[in-house]
Every structure is written in structure tokens, then in C-alpha cells.
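Take a look at this single chain, the form predicted alone, given in C-alpha cells.
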Amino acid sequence: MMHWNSKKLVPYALITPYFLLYLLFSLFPILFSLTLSFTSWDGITTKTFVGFKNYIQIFTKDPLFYKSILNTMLIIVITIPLEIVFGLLLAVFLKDFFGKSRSVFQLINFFPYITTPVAIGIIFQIMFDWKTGTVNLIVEKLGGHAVNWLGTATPARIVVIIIAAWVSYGYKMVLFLSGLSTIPEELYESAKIDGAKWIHSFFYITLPMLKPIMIFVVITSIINGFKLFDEPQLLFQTASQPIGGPDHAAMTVVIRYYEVAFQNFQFGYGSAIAYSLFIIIAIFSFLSLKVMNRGEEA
């Protein structure tokens, strides 16, 4: 009887370390930061409970928070359609015209996604340098004037949008390729026999069949867009710019959180920003899901 009980306990003993690590490194930080968001704490002195004061200040007295939200939403609204269009067209192009030899092109287009953000920040800083950058050299060769890309607000936003779209379109391409592999070839062959052209198959077979992948891509792109931090932070940090770039034009919500929590040491207020961001992401993800599933629910 004793031997049987020991065998029954073995699975629980094997999964216990996972749950202990989860409690220690995932659940505890989540709950700790949530309680921290209701306090005022600089990391050294005693925490002071302030209730909802941090949240009220964020939504009523923090113009930089609203600016970071608008910057982030602007980047998301422009980059997500770009990433989806380029990723989808590239995936369809590779599947239809390159067949089994597409692996090399897949790898080349996936490189930006796996490149370290530090390298990306340095490369784009060199490319968009006002005086010696490659982009301005091309602009001047074409008869234009050099642009201070990293020193003025609107061009700085454009550079961040280019980086964000360039980094992620390869990842979208891989997701769409996986979705394309699940579409039965018989559908395309039947359409071809009925006289459908490639463009008709794309709109009436490929796009409808890719709807589940499209929903996943849009939702995860929104979440990742609101989490954007590495590229703009490194780009303007190495360019000796103020945090968030000129006039805070490239300050995302996470950069605002980083500034408050780890530069101003306002950990309570920073935690409140983090949870405010969580609420915003949840709302946008829910609305996006409702809109994209509207046809099926009706």
C-alpha cells in the first residue's frame, strides 16, 4: 500500500518545482507590483499607502502619459497594416512562385526579427545620421535637402515606424506561411479549373481561409505594439537625445514607465502606469477581437 502511494505521488513531485518557480518568479512579482501601484515608494524608504492617487494622477495630471499613449497608438496604427500587407504578400509570393526553394528567402526576411535590438539601434542611427548618414546622402543625390531625422519630432517618429515595421514583417511572413500550408491545394486546383485567376484565388480562397491566423496576428501585434521599448530607447539613447527622442516624439508607454520607475525611482507610480497599460491593452485586444469576429457572431 505504501509503495502504491509513493508511485502516485511521483507526478506531483515532478511538477512541484515548476509551480514553485512560477509562484516565485511570475505570480509574486505580478501581485507585488499590483500592491505597489497603490503606494508611494522610492525603493529605499518605507512604502506609503496612497490608494488610487497614482491612477488619478496618471489620467488627470500626466500629459507625458497621454503623449506616450498617442505616440504608441500612432506607431501601431501605421505599422500593423504595413507588417500585415508586406508579410502576407511575401508569404503568398514565396509559396506560389518559389515552392521548396523558398527557405533561403524565408531566412533572409526573418533576420530582422532575430537581430538584437542593440545592433538595430546602432545600424539605424548610422543610417539616419544627419551629416554622414546613408539616407541623407541618397536624399541629396536625388536633389533634396538633408533631414535631421533623429533631432526633430516628426522625422524621429518616422524612423521609429520604419524600424518597428522592418523588424516584425518577417515574423508575420512566417505566421502566414504556416497558415497557407493548411489550405488544401484542391481548392486552388478546382478554382483554376473553373477559370479563376490568381488574384481571384487570393481574395476568395486565401484571405478567408487565413482569417484565424489574421486574428492572431492582429491581436499579438497590438499587444507587442503597446510593449514597444527597445528600438526607440536604444536609438535615441545612443544618439544622446533626451528619453523618448526630440520633444518626446518617440516616447512609448513602456519608455514612460521606464523613465518614471527606473530613472525617477517612483516605483509605486511606475507600477500604476504598468497596470494602466495592461488595462488599455486588454480593452484594445477585446475590441479588436469583437470587430474581427463580428461577421461570425451575426
Partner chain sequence: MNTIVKVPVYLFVAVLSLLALIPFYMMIVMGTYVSEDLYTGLKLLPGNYLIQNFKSIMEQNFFLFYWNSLYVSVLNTFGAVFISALTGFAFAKYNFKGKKTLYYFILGTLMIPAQLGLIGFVVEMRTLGLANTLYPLIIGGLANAFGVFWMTQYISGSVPNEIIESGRLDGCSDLGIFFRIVVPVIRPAVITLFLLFFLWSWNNYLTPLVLINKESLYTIPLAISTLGSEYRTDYSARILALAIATIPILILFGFGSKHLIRGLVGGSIKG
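Treat the numbers as computed from the prediction; the structure is a model and nothing was measured. Numbering follows the first chain given and starts at 1.
Keep in mind that the form predicted together with the partner chain is not shown, yet the notes after this line are about it.
Heavy atoms within 4.5 Å of the partner chain in the model of the complex are found in one stretch of 200-208, 221-229, 152-160, 70-78, which is 221-229. Contact annotation for the candidate site: 38, 66 and 146 all lie away from the partner chain in the model of the complex (no heavy atom within 4.5 Å). Using a 4.5 angstroms limit between non-hydrogen atoms, residue 280 is distant from the partner chain in the model of the complex. Residue 125 belongs to the set of residues with a heavy atom inside 4.5 Å of the partner chain in the model of the complex. The shortest heavy atom separation between residue 213 and the partner chain in the model of the complex is within 4.5 Å. For the chain shown alone, residue 193 is not a contact residue for the partner chain in the model of the complex, no non-hydrogen atom being within 4.5 angstroms.
Looking at 141-171, the residues that come within 4.5 Å of the partner chain in the model of the complex, counting any heavy atom, are 166, 169.
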